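Encoded as structure tokens, the following chain is the form predicted on its own, with no partner shown.
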């Protein structure tokens, strides 16, 4: 993994993520955040409803490397991204309720043709996590979550580039799903479980669900002076 980027690099990455990712997204592709962080912190306040204990450990370890905490803002763990993803898996999105899930499936077709796997999101996570942990056991004699931060970075880069072969699905498809959902959870309204205390919004100066900030739209580069407001009316 490369050295820790400067604050502008991280902020640009996160701003672009917010602009590119819808509230509930389909699979996409993106670059891996190139930063270092400490080992994942435990999230004792939330008990996952879908993910098993080993899957939960994987998820926390993975999102911690995609958006780590630094002196400029919270990481994915502090923002509650694992909780966001777990809650999504139990809803219509996780079950593929709004997707066309009938065959034929052609996973090797061009990405512009849309999602081409037989797995809905929750099935994709379950299948991919098991396959990745199995690969890590063979290569490192350890699960993904038990690897060092540098080793986890290496595995994630390999998934992103398709250098790891997983049974039943392309590694790149799972990496895209994971990164997309991580960014969604980081910037989501707090009512969905992520973006705890609107910390991500505060970091980039996003007003949230404020009723009126039109006067500031035409003032590029000027710092918005008011804190964000959530959909439920909480203020930061």
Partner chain sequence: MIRMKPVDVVIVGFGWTGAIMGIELADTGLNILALERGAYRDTSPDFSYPHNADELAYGIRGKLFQPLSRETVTIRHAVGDTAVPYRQYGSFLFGNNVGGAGIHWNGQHYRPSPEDLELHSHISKRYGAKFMPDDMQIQDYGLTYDELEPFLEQFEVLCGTSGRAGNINGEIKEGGNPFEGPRKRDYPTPPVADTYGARLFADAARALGMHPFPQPSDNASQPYTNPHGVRLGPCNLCGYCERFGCFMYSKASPQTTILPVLMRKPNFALRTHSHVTRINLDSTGKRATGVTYIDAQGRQVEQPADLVIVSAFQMHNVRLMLLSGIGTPYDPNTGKGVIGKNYAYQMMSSLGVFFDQDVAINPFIGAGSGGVQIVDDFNSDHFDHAAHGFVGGAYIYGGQTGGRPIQQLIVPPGTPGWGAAWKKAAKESYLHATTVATHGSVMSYRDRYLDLDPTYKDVFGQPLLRITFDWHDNEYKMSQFVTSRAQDIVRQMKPKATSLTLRKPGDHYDVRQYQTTHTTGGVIQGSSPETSALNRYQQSWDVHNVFVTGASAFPQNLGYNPTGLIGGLTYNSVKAIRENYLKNPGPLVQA
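Numbering follows the first chain given and starts at 1. These numbers were taken from a predicted model, which means no experiment stands behind them. Basically, rigid core = biggest C-alpha set you can superpose within 1.5 Å across the two forms.
Only in words, not in the display: the form predicted in complex with its partner chain, which the text now covers.
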Contact test, all of 70, 153 and 175, partner its partner chain in the predicted bound form, heavy atom 4.5 Å
yes
If we define contact as a non-hydrogen atom of the residue within 4.5 angstroms of the partner, is residue 135 a contact of its partner chain in the predicted bound form?
no
Can you work out whether residue 50 and its partner chain are in contact in the predicted bound form, taking contact to mean some heavy atom pair no more than 4.5 Å apart?
no
Check residue 157 for me: does it contact its partner chain in the predicted bound form (non-hydrogen atoms, 4.5 angstroms)?
yes
Taking its partner chain as it sits in the predicted bound form, is residue 188 near enough to touch it, meaning that at least one heavy atom pair lies within 4.5 angstroms?
yes
Considering only 72-105, what residues come within 4.5 Å of its partner chain in the predicted bound form, judged by heavy atoms?
72, 73, 74, 75, 84, 88, 93, 97, 98, 99, 100, 101, 102, 103, 104, 105
Is residue 217 displaced by at least 2 Å at its C-alpha between this form and the one not shown when the rigid core is overlaid?
yes
